[in-house]
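Two forms, one chain: they're shown below as structure tokens, one block per form, named structure 1 and structure 2.
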Structure 1
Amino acid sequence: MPYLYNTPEDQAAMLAAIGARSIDELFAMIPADMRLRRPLAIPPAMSEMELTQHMTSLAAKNTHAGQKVCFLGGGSYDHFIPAAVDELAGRGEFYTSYTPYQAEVSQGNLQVVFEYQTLIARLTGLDVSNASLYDGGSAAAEAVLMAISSTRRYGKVVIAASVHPEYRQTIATYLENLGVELETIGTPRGVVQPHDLAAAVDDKTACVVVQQPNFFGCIEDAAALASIAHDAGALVVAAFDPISLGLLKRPGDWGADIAVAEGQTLGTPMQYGGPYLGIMACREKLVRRMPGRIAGQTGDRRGKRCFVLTLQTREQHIRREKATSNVCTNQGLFALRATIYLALLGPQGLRDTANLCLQKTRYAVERLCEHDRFELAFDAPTFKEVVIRDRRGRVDELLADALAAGFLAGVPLGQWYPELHDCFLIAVTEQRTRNEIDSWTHALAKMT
């Protein structure tokens, strides 16, 4: 076995010290009739070379985004990752360490968390951030629970249909057994209409959940929606795209009380959906309701600045059934990647990235919609994603043909929005060149 040290001599010496005749004897506390009396029915062991060959052949059965031009979005994006992110996050001192319970030998991780929290606070315009949650979807669900417990309103949660459908499904699962209703407001024009929201919120509403830019890529009138929620005494939970904040107003600046995001865009590969980075930030008054770990600055016994996990009484290992959440593991490695990514980009890099996404998306739309077959589904302004309608209503065939022509051309929307069965969602990141956009347009236009 490749990762075991004990030689037969070691084993004999160790058994002698223990006072056991055999390793089998060490398992005596497992009653004999519960022991497995056969080998596990799994394939035999592989050497490193065999494993690498096997995995290479499995990988070859996939088509990855480097082999086709990727226009897929919907919460996971083909953004560029600078080499320094991989190099630094690939250091064993980071990725083979664990939660910094012993602060004296974890200052590296703790300082990274503190820096991450600061970056997220500045990014969102909110006061505090935690050390991360699992992903954007479960972060949204945790934010909803946090809003319910801090408002003590157990009536309902209002959510826009323009919020990521899988986030909405996740929230529905989290609320299913708690007796809190989840009311969805339709967004037939691609964005929430303020009067629809006003009609939905009441004095039993814990929070309103909106996404900015929303799942369709559209820019909501977020400040107006936030003030409607606040007038009813409800909190505002905002899902956002971190990249968009190079240009768009920060959630805290338009009225969000809790902001959550999928942080995959900040330097984490798409890796078929996870692990990603659940970002959560909130206003200071809500911090004691916030789930997850939090690092804080303090001093050591010699007065030296240092960092520790703090406000731990919120957490499950202390408060058990009364904890703010059951969350234990966070996404430390991806919080690290986001911290490195943002340090490399700086304010101008983030702005440039956002601007390239905006400009290229606009260009892609204009080129594609030169062809009669395609039109924008919604007229609201957009950021890096848009919904395109195929007037021939042959979305599945279109996307399959486009794949054969070399493009991951878009995400069909009928699976979540039956009324948008003739539509697909496209995302254009800073990585897409004019050439790629032109040839994608060309390929889609000539499909039958």
Structure 2
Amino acid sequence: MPYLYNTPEDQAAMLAAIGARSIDELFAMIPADMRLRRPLAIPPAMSEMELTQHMTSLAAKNTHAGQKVCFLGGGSYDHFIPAAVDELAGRGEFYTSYTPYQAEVSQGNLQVVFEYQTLIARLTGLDVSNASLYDGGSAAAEAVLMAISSTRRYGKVVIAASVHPEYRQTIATYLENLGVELETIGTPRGVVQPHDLAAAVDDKTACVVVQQPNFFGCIEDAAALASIAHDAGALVVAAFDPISLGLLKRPGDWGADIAVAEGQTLGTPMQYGGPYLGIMACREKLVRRMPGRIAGQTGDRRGKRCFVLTLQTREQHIRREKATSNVCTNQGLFALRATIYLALLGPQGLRDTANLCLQKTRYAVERLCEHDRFELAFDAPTFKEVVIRDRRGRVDELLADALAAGFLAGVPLGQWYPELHDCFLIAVTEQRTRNEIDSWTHALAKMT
């Protein structure tokens, strides 16, 4: 773990440079009764060798997808990342740069953002993409706020229970103090029933939020749901899996007005759940309500191609009351990784990756459900992820035993869906081999 020493001599030199006599003087404005009057409860200082050994020991307690065979999903996936992604994204001019306040001086970064936006617009079938957001959940919440401000409907937002539960929690947090009702449509069959959505939307509904494929991996009748929402004058916010668009219709093609996604699948490791990449695209008529930034292409006075920040809708650039959100930067490094990944794969590579996920998931389900203990929880078509029911109802024990046997076997669903306490979610990416799937099936089937 590289770090810089901070010796007493270093501290004295820094204090002298800023004209302070002590570190305590820097905190003089803090009332005395609010200051900690004892040493911090931390272990004694270690030598560099001791610290390295200690941190290595702590890190060894973690288990990662490279050590076990990974069938985890639910928003973070073990996809293959070409070596070129790490090599190019690790270049110093990208890896160490930060959002410049005079953005136009950083033409390389702006070009990356422009290329990223172009790829995301083509991927989603929508008109415009922003420069990225923090992650899939916050992108979904920002999309809901965007829909509310665009429609000026402050009564209700309708969301499917098949949307990622953490996205739903994030949206609920954003709406908590706005007086907007968040109505959730149950999905006992794994997908939204059109008649249930029709009963929920009305002339006060700002938007309908659906996920395609949904959190369970099931394929929604998205076009029908979009039609119902639009008939009520509501916008459609679609959460999607970027890899799935190698096979499925793009959100813009089935009627989504705003599309959001977790971009981790596009060249970013699982890395303990983040940081990740929030993707957002929308139709042109909504662009003035889009949060974050948009880079554009233009020409300089010499007629050469150059890049600028075309739209900046945060408080730092415009009057506070005109700002669309407080998003102050973007996940530029991860947007760069997504750009490289998509450029490397191309349309056919994305289709091949999606097809491998589809076929391997089908094979895994067929093998696992040969055993009486397991069955599919839903009968809807799926992509990459499937909900499996353990007829013995001992999901936590099953997954713990599988971990000991070398498998990250799935995600228990009871933590979010009490009615699915006997179910777990599996994801099968292009990385899983036939031997790994067979071994995983054998390990789960023999557990008591």
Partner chain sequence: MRNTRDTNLLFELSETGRRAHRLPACDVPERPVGELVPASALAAAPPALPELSEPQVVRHFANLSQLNMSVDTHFYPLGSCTMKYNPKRNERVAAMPGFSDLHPYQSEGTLQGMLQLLYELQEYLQEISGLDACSLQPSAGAHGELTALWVAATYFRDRGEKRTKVLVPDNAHGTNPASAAMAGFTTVTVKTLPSGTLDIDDLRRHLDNQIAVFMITNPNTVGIFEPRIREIADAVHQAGGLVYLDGANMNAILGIARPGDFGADMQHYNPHKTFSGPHGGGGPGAGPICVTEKLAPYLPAPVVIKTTEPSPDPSLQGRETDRYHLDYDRPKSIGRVRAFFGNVGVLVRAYCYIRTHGPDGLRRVSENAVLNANYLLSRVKHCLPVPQGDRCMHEFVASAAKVKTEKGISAMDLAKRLLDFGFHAPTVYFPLTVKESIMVEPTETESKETLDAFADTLIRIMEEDADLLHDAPHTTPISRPDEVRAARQPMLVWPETY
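Reference numbering: structure 1, starting with residue 1. Here, rigid core means the biggest group of C-alpha atoms that superpose within 1.5 Å across both forms. Predicted model, so just to flag it, every value in this text is computed and none were measured.
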Structure that is the form predicted together with the partner chain (1 or 2): 1
Answer yes if the CA of residue 434 moves 2 Å or more between structure 1 and structure 2 after aligning the rigid core, and no otherwise. no
Return yes or no for residue 67: a CA shift of at least 2 Å between structure 1 and structure 2, with the rigid core superposed? no
Look at the Cα of residue 39 between structure 1 and structure 2 with the rigid core superposed and state its shift in Å. 7.2
The CA shift of residue 15 between structure 1 and structure 2, rigid core aligned, in angstrom, is 9.8
Upon rigid core superposition, what is the positional shift of the Cα of residue 57 between structure 1 and structure 2, expressed in Å to one decimal? 2.5
